[in-house]
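Just the one chain here, laid out as structure tokens, in the form predicted alone.
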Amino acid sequence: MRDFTFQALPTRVILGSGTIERLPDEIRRMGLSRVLVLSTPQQAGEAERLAASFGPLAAGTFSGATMHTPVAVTEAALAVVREMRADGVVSVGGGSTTGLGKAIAVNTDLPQIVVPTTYAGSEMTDILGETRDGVKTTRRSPAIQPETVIYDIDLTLGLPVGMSATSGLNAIAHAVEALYAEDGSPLVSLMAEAGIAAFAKALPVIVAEPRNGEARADALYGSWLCGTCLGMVSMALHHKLCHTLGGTFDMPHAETHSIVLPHATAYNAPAVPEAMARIAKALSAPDAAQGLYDLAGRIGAPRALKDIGMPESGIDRAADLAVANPYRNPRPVEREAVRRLIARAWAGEPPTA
């Protein structure tokens, strides 16, 4: 067994059916009395209903969260925090809302409660990715880590099938890279493999039966496991590519992850055969990268960057940015090899090393 260091993260997790009803008690337990409820514009109605449900504990709502956490949106939200004298934030939704809550927290040290309604997994991390002038950067800090996460299975029953598929693949990406992370550990690897397996089991059922409660529970369990992996170790080439593509071309976050994942996995496969074997086992597939590509096809997720708005003319620019200040990666990050990876992902071709 190789040497390792393990650092647990302090987030309190509540998972079950109907757990949203415990939110007011959780607010009080944390000593808060004026929380600001955050959401995207599409979920503004849900945020307002939730804020109304806990009455005087709510300072109000801010429904401007958007993809890739633009700094300008964070600044607007911070102005509302100050105006309403909020003493905490409740983030309701997916990765966009969670990102905004984290950005507020790191600028104010206010505590956070996250109520995920997708499988993004970022609620379990101390990582913030934010965009300024079209460039997305990430940072880590204990102040970014949410204090409490409330997973309510019932809130995911209406999650559209397409979003369920791409959000799940996004979460799987965290576990895939955790299995070959330089700072990984045996416990993280166990969680990563179990998280991939939970999604591999749940996602095809969700596509066929969107309101299947058992499958939705499996997916939330997988989301928690995969998100925890993301928070405990450093990520590699896959996440660097997705941050580059998303920030540069303003492409949807989860869809970008679902498309790039098989190709980044194939790129690293020769360097980490043990990790590939564990991924393949979790997927019940003979090959890790092809298994991920086939899973995406089976659940109807997009498999070509050209289909979600990336121009072919952007391939070279993306390759240049991806090799600038690269994340640690098990296989050397070489510009021409990365360009070939991006080109295959752009065209939607099967993955290859």
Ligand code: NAD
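Residues carry their position along the shown sequence, with the first being 1. Source: prediction; values computed, not measured.
If you look for the form predicted in complex with the named molecule, you will not find it shown, but the lines that follow are about it.
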(request) Can you check 74-82, 150-158, 199-207, 262-270 and let me know which stretch has heavy atoms within 4.5 Å of the named molecule in the predicted complex? (result) 150-158
(message) For a quick test of understanding: in the predicted complex, does each of G184, K240 and R328 have a heavy atom within 4.5 Å of the named molecule?
(response) no
(message) I'd like to know whether S96 contacts the named molecule in the predicted complex, with contact meaning heavy atoms within 4.5 angstroms.
(response) yes
(message) Residue-level question: is R303 within 4.5 Å of the named molecule in the predicted complex, judged on heavy atoms?
(response) no
(request) Using the partner position in the predicted complex, report whether S313 sits within 4.5 Å of the named molecule, counting heavy atoms only. (result) no
(message) Even though the partner isn't displayed, in the predicted complex is T244 close enough to the named molecule, meaning a heavy atom within 4.5 Å?
(response) no
(request) Only one of A254, I279, C226, V114 comes within 4.5 Å of the named molecule in the predicted complex by heavy atoms, so just point that one out. (result) A254
(request) Check each of I27, M67, A318, A59 and return the one that places a heavy atom within 4.5 angstroms of the named molecule in the predicted complex. (result) M67
(request) Just give me the residues of 26-52, first to last, that have a heavy atom within 4.5 Å of the named molecule in the predicted complex. (result) T40, Q42, Q43
